[in-house]
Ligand SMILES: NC(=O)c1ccc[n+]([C@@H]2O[C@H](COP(=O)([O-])OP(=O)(O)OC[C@H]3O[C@@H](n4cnc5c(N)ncnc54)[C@H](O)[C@@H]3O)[C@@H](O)[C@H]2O)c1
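A single chain, nothing else alongside it, follows as structure tokens in the form predicted alone.
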């Protein structure tokens, strides 16, 4: 494992770590010396990511984790403490992306699914993680939000609304637990080159060609760039940051301040 060792001694629990962004964060944390609990509702995906980390010399354990289920959240935190002795970092990555539509065409099920995973999930994870992180002497909680949490997007109300709520929840959580030595920040990616973001396009090439001009840097982002931001927020490099939202969007919001539903991610 090659890294700077900035997370040696840390124990991190990453939700949604069977996906591309969560997996990249888990892998980067492990390279920096952290022991990692790889949580995902898809146990096979979590196992695969944990296997990759351990084959590369890191320490990781996969757990089946449904962030919308209180017992599952509690068990994941307990497993981290039982396996690695403590918990110092929580990264809430797991997210539900609902189908496009308006209030007339979306079902209540679509709305409730987004709420359950995207905002109730981080609430439940924090509920059980905060006491563990406090007991460990403090640490960091990172909520993965989105640039869509800061702008209105046609036909994306459930996702955009829950990400906006997550940014605000982050600020409240930071205020509640600063005295516990727990820093809480959110990270808002722009369009990131993942399989999920490509679902609106015929190919990766088409996606980058269409979306790139909407960003000051002329391209979409990578999962490694998001992981680098998460590492910054998890490490002592960001020791004077809490209640903040780290925007990693290639200059999109500063440049355009809005985007069409087709190119949103």
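Owing to the predicted nature of the structure, the values given are computational and were not obtained by experimental measurement. Positions refer to the first chain, counted from 1.
Note that the form predicted together with the ligand isn't included here; everything after this is about it.
Contact annotation: residue 19 falls within 4.5 Å of the ligand in the predicted bound form, judged by heavy atom distances.
The shortest heavy atom separation between residue 190 and the ligand in the predicted bound form is within 4.5 Å.
The shortest heavy atom separation between residue 225 and the ligand in the predicted bound form exceeds 4.5 Å. Using a 4.5 Å cutoff between non-hydrogen atoms, residue 89 does not count as a contact of the ligand in the predicted bound form. Taking the partner from elsewhere, every residue among 41, 117 and 163 has a non-hydrogen atom within 4.5 angstroms of the ligand in the predicted bound form.
Checked against the ligand in the predicted bound form, the residues 95, 124, 77, 142 give one hit for a heavy atom within 4.5 Å, which is 95. Screening 60, 67, 27, 234 for any heavy atom within 4.5 Å of the ligand in the predicted bound form leaves a single hit, 67. Listed stretches are 142-150, 79-87, 104-112, 174-182; the contact stretch with the ligand in the predicted bound form is 142-150, by a heavy atom cutoff of 4.5 Å.
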